[in-house]
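Shown below, as structure tokens, is a lone chain in the form predicted on its own; questions about how it binds or moves come after it.
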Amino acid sequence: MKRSKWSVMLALWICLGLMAGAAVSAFAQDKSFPTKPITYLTTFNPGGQSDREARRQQPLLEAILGQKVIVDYKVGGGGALGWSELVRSKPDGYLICGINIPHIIIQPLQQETGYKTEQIVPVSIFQRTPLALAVLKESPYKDLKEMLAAAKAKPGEISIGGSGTFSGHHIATLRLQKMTGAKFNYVPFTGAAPQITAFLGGHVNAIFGNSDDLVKHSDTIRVLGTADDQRFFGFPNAPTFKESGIDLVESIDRGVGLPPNTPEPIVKILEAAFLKIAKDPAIQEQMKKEGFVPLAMGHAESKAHIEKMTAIYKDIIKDIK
């Protein structure tokens, strides 16, 4: 009996030792990540916010991770084409993808997209652009009141351009219609870059634009209303929608995500790299000068934020319907 007891204990210690060895081996493998180039997928056109931020991060990520980072594109469906590829990809950390909120939330709630919000593993959310409604300076609409009156008088004749369908720009337009009774013609583009080009060329009457784009073209545009709780620092003279009695707050949050089932150690390595960049005072200052609001959310905080916004948008979409 005594010998049997010691035999069992010995076997247990051997088993635990093997398990510990396996854990150390697995950790060592994860610690060696990355060992080859990483593809950083952007789901909107070159020149847009997602692309420009990926390009800003690219050399910094390469220095931190010690591997080449290749920025690539999968454009279509307001980002859905790229996000559906992301969730089907191998969860080894070698394909990362820019994510946009609320796009990744709204799209699966409205239609079949090839991905679910909860499938995307958020690494970090590092940037926000409040939205604002703008017209060109030569527009006949001098303020929001005039534009809304015209839209009510001639339903569907005033066009508002946005980036993608079932995106923050699209939802902002639908919400404005719902709240005011005005009717617009929403025109989707495949990204902010073509949206702005069309707007500046007079092909749409107005846009719900990202704050950085509007700051960049402040000399040629008129902001009728900002969809934020307070006036935006980039155009302090422009009123918020709330100041006009319209409770419309809408922004685009940008971050980066991974495929489902990506091992936690890999998530942590990439999280640390992105947060190091996001918390850099020089990077934050650059963002502010360009009209962005810098953020620095890690994996857990980003996941909680997406879950919170999902609950909010479920109610918003129900109300719009």
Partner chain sequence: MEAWSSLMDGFSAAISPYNLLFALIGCIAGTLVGVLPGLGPTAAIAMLLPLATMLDPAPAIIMMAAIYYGAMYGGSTTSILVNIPGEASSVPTAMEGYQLTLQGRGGPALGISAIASFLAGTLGVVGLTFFAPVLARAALAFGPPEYFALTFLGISLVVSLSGRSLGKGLLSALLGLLTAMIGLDPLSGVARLTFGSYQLMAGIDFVPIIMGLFAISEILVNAEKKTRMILEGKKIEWLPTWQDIKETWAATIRSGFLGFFFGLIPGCSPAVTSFMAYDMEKRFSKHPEKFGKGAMDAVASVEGSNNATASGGFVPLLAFGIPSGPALAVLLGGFIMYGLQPGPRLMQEQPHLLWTIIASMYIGNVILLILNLPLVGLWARMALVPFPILGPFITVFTLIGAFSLRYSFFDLWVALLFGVVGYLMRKLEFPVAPMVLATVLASMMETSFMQSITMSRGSLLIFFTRPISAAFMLLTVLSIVSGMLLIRKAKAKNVELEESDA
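Just so you know, these numbers come straight off a predicted model, no measurement behind them. Residue numbers count along the first chain shown, from 1.
Absent from the display: the form predicted together with its partner chain. The rest refers to it.
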| property | result |
| --- | --- |
| Among the candidates Phe241, Phe232, Phe189, Phe126, the residue which, in the predicted complex, approaches its partner chain to within 4.5 Å (heavy atoms) | Phe189 |
| Position in contact with its partner chain when the complex is considered in the predicted complex, options Glu118, Glu112, Glu146, Asp247, heavy atoms within 4.5 Å | Glu112 |
| Listed range touching its partner chain, judged in the predicted complex by heavy atoms within 4.5 Å, from 181-189, 89-97, 118-126, 221-229 | 181-189 |
| Lys137, heavy atom within 4.5 angstroms of its partner chain in the predicted complex | no |
| Contact label in the predicted complex: Gln177 to its partner chain, heavy atom within 4.5 Å | no |
| Tyr73 within 4.5 Å of its partner chain in the predicted complex, heavy atoms | yes |
| 4.5 Å heavy atom contact, Gly77 to its partner chain in the predicted complex | yes |
| Residues within stretch 142-167 having a non-hydrogen atom within 4.5 Å of its partner chain in the predicted complex | Pro155, Gly156, Glu157, Gly164, Thr165, Phe166 |
